[in-house]
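The data below hold one chain only, encoded as structure tokens and taken in the form predicted on its own.
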Amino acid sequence: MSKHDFRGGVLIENPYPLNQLSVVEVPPPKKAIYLLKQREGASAKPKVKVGQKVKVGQVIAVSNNDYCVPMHSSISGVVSAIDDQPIAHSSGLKVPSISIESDGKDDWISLKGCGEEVDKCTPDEIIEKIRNAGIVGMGGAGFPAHVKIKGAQGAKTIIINATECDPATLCDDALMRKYPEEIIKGIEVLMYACQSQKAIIAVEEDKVDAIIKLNQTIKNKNICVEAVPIKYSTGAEKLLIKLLLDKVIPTGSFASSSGVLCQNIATVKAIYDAVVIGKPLVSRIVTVNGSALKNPSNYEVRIGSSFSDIVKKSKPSANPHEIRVGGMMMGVDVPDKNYSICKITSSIIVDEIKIKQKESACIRCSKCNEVCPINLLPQQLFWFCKSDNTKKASSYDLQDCIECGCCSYVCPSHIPLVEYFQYGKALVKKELREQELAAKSRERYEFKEFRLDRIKQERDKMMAEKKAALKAKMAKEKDNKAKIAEALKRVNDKKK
């Protein structure tokens, strides 16, 4: 039983338990498609051309933007296309991508890491290796790992998030069972890079086998495992920090400013690969689960592999399916399986199509308020977002909503509360953008007025100076004429 607990959250039993949590290694795909933009921010730029041969681990896209990491080929073969491909999202948005056809050889570049003696490299060199390996937060956010680590250098405590609170996603549990040594070594690398004093691995209390394996592997007294409640959503960063350290991260602030670094456990395994072995991020474990599958499982797959190919291995039914990516609770619905695995793809849920409950009027039962893990008032936020009252919604801390979906899950009226909150946040962003544009426009107008006024003042000053100079010239000429007249008069007087 966990000694930690928190207000709110919901207990959700896994509707699709797996018979075994082994990891199935999937051979390299015949074709891989790499999305060059996997989160908000800049896109990586292709470093290869169509027809070019590449090896596994070779850099195929780069960016000078610090918030964008390089992309590496996960197969050996030939670049077949550089075009736009859809991201796994209901919006249908397309982003730049690179397609590579496999040559079937799985030919790798030579790998060079720091080896087991990591202290041969400086912390800055380690952070640079993490960046060059293309590592991002693999829990779903996709934030560049090197940026987060660089900002947390000197942090006293590192929290390794292995909670995986989404009930249908089990990839991190499978990862801990298969790679406990690599995970612990990756944590030590992270502690050295940040010069941290302590690391806590947060694991849900029902993941008994994973906890045992990690504890058996740990030899460092500064690393420990803490069991946390199985309530959803324990894995939220700020909530986890409050739960384990009793620290509150203020709104708009980052954990690093409070001396804490939080990293997903799959990211830590990728850091081990990058720093110790020199292997870039070219694969990950993905949970394929759902009511429409005969053999749901965890697969270790190459980045760029097709959803369709991976789902086939779990033997889906012949009926029409509902596809959800990224988890049962916080994931997004997509229309089909025509997408590719990216660095933040943790799970693919394939369900039989169900009749969706219709949304009805709010009955003010306050269940949403009771389950909110960060003490917001979802009922009030719903009314404000629905009426486009962004000012009031912001005053009720709309931006603090982690979009966990607890409120939507318990709502007896089946109101998609999170969708309203996402809409409200988008509206706030739009208004802020419009305010920024208006401020810039006002600034340009004021500068133009200032410039015109300055030109007028300069012109007036110049004209005044010209007038004064002209008057002085005329006065001087008048004085000269008077002097000449006097001289002539004297000459004439002498002649007389």
Partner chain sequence: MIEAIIVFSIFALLLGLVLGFSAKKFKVKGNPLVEQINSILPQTQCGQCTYAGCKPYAEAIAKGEAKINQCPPGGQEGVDALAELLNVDTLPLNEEHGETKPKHVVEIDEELCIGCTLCIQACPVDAILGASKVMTTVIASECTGCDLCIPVCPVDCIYLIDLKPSMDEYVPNMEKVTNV
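Residue numbers count along the first chain shown, from 1. These figures come from a predicted structure and were not determined experimentally. C-alpha atoms forming the largest set that superposes within 1.5 Å between two forms make up the rigid core.
There is another form of the same protein, the form predicted in complex with its partner chain; it is not shown, and what comes next is about it.
- In the model of the complex, its partner chain stays beyond 4.5 Å of every heavy atom belonging to residue 67.
- A residue is said to contact a partner when one of its heavy atoms sits within 4.5 Å of a partner heavy atom; residue 438 meets this definition for its partner chain in the model of the complex.
- Interface residue remark: residue 198 is not counted as part of the site for its partner chain in the model of the complex, having no heavy atom within 4.5 Å.
- At least one heavy atom of residue 423 is located within 4.5 Å of its partner chain in the model of the complex.
- The candidate stretches are 355 to 363, 272 to 280, 320 to 328, 126 to 134, and the one lying within 4.5 Å of its partner chain in the model of the complex by heavy atoms is 355 to 363.
- Checked against its partner chain in the model of the complex, the candidates 93, 141, 111, 208 yield a single residue with a heavy atom inside 4.5 Å, and that residue is 93.
- With the partner omitted here, the residue from 31, 37, 55, 47 that has a non-hydrogen atom within 4.5 angstroms of its partner chain in the model of the complex is 37.
- Using a 4.5 Å cut-off on any heavy atom, the residues of 70 to 92 that reach its partner chain in the model of the complex are, in sequence order, 84, 87, 89, 90, 91.
- In the core-superposed comparison between the shown form and the other one, the C-alpha atom of residue 447 has shifted by at least 2 angstroms.
- Relative to the superposed rigid core, residue 53 undergoes a CA displacement smaller than 2 Å between the shown form and the other one.
- In a rigid-core overlay of the protein, residue 30 has its C-alpha displaced by under 2 Å between the shown form and the other one.
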